[in-house]
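Consider the single chain below, provided in structure tokens and representing the form predicted on its own.
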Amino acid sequence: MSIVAEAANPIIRWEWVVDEWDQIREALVQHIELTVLSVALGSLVAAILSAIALRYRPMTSPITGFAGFLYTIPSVALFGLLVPYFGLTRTTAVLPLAMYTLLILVTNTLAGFDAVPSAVRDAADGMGLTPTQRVLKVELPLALPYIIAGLRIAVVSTVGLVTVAAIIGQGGLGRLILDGLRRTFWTPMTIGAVLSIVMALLLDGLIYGLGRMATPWTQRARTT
């Protein structure tokens, strides 16, 4: 009996993929949009918080502590708290997803700047650079590998968290996964899961490649 049921409900029905391709494409585009918007917003806020922490060092612990607190809030609960205010909208999905990137991005950014040798800062000051010039021309490039590493983690984790937003109708590929689970129909669930994994791998590879291009000196250092 189970063999018959398994044959009637295979992992992938390609005819369903062809018939529902528009739905799949729409879910894929929404997943990408939610990921990009969430990481972009998170990066902007993280940059501001990191700048404050670097300028006013006593603020480091409160800022990282607050980001850590946000990271511990269950995503489903956070979506539920925002629905009464923003409804079942993209805003309700993007805000929590952006919040979850803050801890990763802020801590990596601070770690990158803290890793800059004090001798390098002294040399920059000795060359007559202003504090702003020193940050932009010396410290930021040296901290960039840490920042890029944090960005990669944030993007990959966001791709996974976007699927949870399906509970408010904004989950991109998560809607396919949820639909498959509800109907015990493996095809949409499989397509949604596989495309999510592929998307995470491609975005991670893209950021890694861009990071190598942006920090060519790190590659030369490894070869010498």
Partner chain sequence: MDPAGTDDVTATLFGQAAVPRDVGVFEFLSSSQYWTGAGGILTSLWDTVVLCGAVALVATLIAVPLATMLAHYGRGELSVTWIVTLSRAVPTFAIAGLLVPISLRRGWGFEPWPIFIALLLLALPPIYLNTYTAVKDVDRGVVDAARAMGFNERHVVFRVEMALGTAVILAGIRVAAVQVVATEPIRAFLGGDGLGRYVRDGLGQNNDSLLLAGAILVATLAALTGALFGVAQRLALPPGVRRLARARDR
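Residue numbers count along the first chain shown, from 1. Here the structure is a predicted model, which is why all the values come from computation and not from measurement.
Omitted from view is the form predicted together with its partner chain, to which the following refers.
Asks: Its partner chain isn't shown here, but in the model of the complex which of L49, L34, I168, M199 has a heavy atom within 4.5 Å of it?
Replies: The residue from L49, L34, I168, M199 that makes the contact is I168.
Asks: Of the options L41, L54, L178, L28, which one has a non-hydrogen atom that comes within 4.5 Å of its partner chain in the model of the complex?
Replies: If I apply the 4.5 Å criterion carefully, the residue I get is L178.
Asks: Any chance V45, T91 and L206 all have a heavy atom within 4.5 Å of its partner chain in the model of the complex?
Replies: Spot residues vs its partner chain: no contact at all.
Asks: Although the partner isn't part of this model, could you tell me whether V18 comes within 4.5 Å of its partner chain in the model of the complex, counting any heavy atom of the residue?
Replies: Contact check for V18: no, nothing within 4.5 Å of its partner chain in the model of the complex.
Asks: Please tell me whether any heavy atom belonging to M59 falls inside 4.5 Å of a heavy atom of its partner chain, as the geometry stands in the model of the complex.
Replies: The answer is no: M59 has no heavy atom within 4.5 Å of its partner chain.
Asks: Would I148 count as a contact of its partner chain in the model of the complex, using a 4.5 angstroms cut-off between non-hydrogen atoms?
Replies: No - in the model of the complex, heavy atoms of I148 and its partner chain never come within 4.5 Å of each other.
Asks: Against its partner chain in the model of the complex, would Y71 count as a contact residue? Criterion: heavy atoms within 4.5 Å.
Replies: The answer is yes: Y71 has a heavy atom within 4.5 Å of its partner chain.
Asks: Using the arrangement in the model of the complex, list in sequence order the residues of 174-208 with any heavy atom within 4.5 angstroms of its partner chain.
Replies: The stretch touches the partner through G174, R175, I177, L178, D179, L181, R182, R183, T184, W186, M189, T190, A193, V194, S196, I197.
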